[in-house]
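What follows is a single chain, given as structure tokens, in the form predicted alone.
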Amino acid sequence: MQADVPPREDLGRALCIITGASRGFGRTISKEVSRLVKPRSVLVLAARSGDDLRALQADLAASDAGGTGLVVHCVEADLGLKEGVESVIRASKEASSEDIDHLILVNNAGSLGDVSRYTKSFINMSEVDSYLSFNVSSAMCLTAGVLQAFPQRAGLKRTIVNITSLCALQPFPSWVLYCTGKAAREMIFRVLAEEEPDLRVLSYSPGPLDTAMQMEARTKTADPSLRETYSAMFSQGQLLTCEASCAKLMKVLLEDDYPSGAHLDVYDV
């Protein structure tokens, strides 16, 4: 970062849309963003679990953020379906106001997929299509829909965040669905950054987090070496907390000096 350009202290009066917001890293992002936006900002939180979303909404209302006029909208939606994507776009348009000066979309929703099998076992196209619909198509179509709903205008900054993984760059045996989905998503946002120079586009890799997905990884992964690696990381306390990784993501967004379209890893921040 240039020495004469200090980092921002907040994310502005924002409309922030977060997918997969009900638990894990998405829940932590929601809480951290709520502390960094100006009063009368709007959070649109999307996930498949309505109960978990409403619990998060109550937590935010009870926190300091609840006294700043923060508006929180919950959207119970399956992003693997066209109707789910459309419901998030519609809720975002309805929740927004004219004094919003920062649009933030965090494409966090995702799933590990079946890691108990190797590539040669995936002969069912509908199974693969279902995974890609939720993990790839939804992110692309939601991003496109949000950008159409909130076109470029004077005074509006637009930031698109893709929560990615080392798996977008490296092959992990028995993780063919996850690696494929993350690689495809990352390319979507690299292309978007080339096409839309006014956007700020970031793919952020949060690292190995101590979440339910990690528990699934160390118990169900077919590849023995990979399974043992994650089991050892867990037993040795090497998994990152969502809070620690999210703090670095917020630092990156506030400093805002990354090349648009970049892949940034938690260990590089």
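Residue positions are given as counts along the sequence shown, with the first one as 1. Just so you know, these numbers come straight off a predicted model, no measurement behind them.
Not on display, but discussed next: the form predicted together with a further copy of the same chain.
In the predicted complex, a further copy of the same chain sits within 4.5 Å of a heavy atom of L79. In the predicted complex, a further copy of the same chain sits within 4.5 Å of a heavy atom belonging to G145. A residue is said to contact a partner when one of its heavy atoms sits within 4.5 Å of a partner heavy atom; L177 meets this definition for a further copy of the same chain in the predicted complex. Although the partner is absent here, T159 is not a contact residue: none of its heavy atoms lies within 4.5 angstroms of a further copy of the same chain in the predicted complex.
Contact check for A21, V33 and L112: none of the three has a heavy atom within 4.5 Å of a further copy of the same chain in the predicted complex. The single contact residue among S116, S121, S87, S96, judged by any heavy atom lying within 4.5 Å of a further copy of the same chain in the predicted complex, is S121. Residues of 185-216 placing a heavy atom within 4.5 Å of a further copy of the same chain in the predicted complex, in sequence order: M187, I188, R190, V191, L192, E194, E195, E196.
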